[in-house]
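Coming up is one lone chain in structure tokens, specifically the form predicted alone.
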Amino acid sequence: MTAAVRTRGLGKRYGRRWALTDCTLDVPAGRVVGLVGPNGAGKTTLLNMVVGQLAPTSGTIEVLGGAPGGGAAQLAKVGYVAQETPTYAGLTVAEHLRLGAKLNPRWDDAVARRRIERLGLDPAKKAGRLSGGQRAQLALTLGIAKRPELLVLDEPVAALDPLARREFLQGLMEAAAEHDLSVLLSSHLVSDLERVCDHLIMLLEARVRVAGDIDDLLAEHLLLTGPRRDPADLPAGQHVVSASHTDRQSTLLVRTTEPVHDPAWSVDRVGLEDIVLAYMTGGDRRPALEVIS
């Protein structure tokens, strides 16, 4: 697997608090990768190190074969849409495009103008007078027209209504396919990630908890319902992610690559959101990285 981002033992400390620790992962190139985790898990810290805005306290990070922020050529390879999809309220749409052209040596003006026309954005309109969805689309246009190899997005749709989110994510998928982009997308909205991403990384308590292809994660997580029993009695190949019990019944979310043969269990598939929530709220909080290759 070719990695767009590779980290080994990466950590970032603020005073006595580690915002990210012992982070070892490979972000596959040519994929749309979702990054999830609760507030304070280290998502924004990781993304800021990917784009070169923060230096690590420990460990190493390599982005597209080089050091993050390591000179103009390296910076040109990475596009970044930060939280709140920042634009300049006093500048028009056209002025944003002219600014993008001046600041980015690989700028593709034709791509930017075609996208603005397709979105129906008025070039003469100031960004401060655009809707939230339109500002997000303008910020995405700037990121795409930079012609990066890796596009990093930090919670770009959190403040948008459902229709604007759908339109933004549709535009992102189209751009990723058209320009062969690697995408790293952070979001709390797991349903949106399931729609557009094919690989998932979960941060929990400042560490990587799960990483793998989404299809594999969905296939390997099962919901078992049956007579009450101690989860420790399950076969060794069935890793319990979360468990709940009544007086007579147990409900377990397990991760396994093997069929469940015990006829006492009712076996059901679960969605990605259920899997993510189980790791965030389940009793098993061991920091070990679980990787599906």
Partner chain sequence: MIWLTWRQFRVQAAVVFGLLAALALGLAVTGPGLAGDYRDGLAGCGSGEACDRFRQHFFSGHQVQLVLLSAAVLLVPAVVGLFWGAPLVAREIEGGTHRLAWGQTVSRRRWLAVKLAMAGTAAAAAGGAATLAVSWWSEPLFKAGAGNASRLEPALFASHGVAPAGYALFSFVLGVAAGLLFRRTLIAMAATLAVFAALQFAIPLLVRPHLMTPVRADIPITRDTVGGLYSNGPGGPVHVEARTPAGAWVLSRGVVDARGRSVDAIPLKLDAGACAPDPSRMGPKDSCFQQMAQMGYRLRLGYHPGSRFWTFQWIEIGVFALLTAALTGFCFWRIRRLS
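All of these numbers come straight from a predicted model, not from anything done at the bench. Numbering follows the first chain given and starts at 1.
As for the form predicted together with its partner chain, it is not shown, yet the points below apply to it.
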* Asked: 58, 53, 238, 250: which sits within 4.5 Å of its partner chain in the predicted bound form by any heavy atom?
  -> 53
* Pick from 199, 221, 146, 207: which residue has any heavy atom within 4.5 angstroms of its partner chain in the predicted bound form? -> 146
* Name the stretch, out of 109 to 117, 79 to 87, 199 to 207, 182 to 190, where some heavy atom lies within 4.5 Å of its partner chain in the predicted bound form. => 79 to 87
* To do: Evaluate residue 216 for contact with its partner chain in the predicted bound form, applying a 4.5 angstroms cut-off between non-hydrogen atoms, and reply yes or no.
  => no
* **in the predicted bound form, residue 162 touching its partner chain (heavy atom, 4.5 Å)** => no
* Asked: Taking the shortest heavy atom distance, is residue 102 within 4.5 Å of its partner chain in the predicted bound form?
  -> yes
* Exercise: residue 242 in contact with its partner chain in the predicted bound form, heavy atom 4.5 Å -> no
* Asked: At 4.5 angstroms, heavy atoms only, are 230, 264 and 278 all close to its partner chain in the predicted bound form?
  -> no
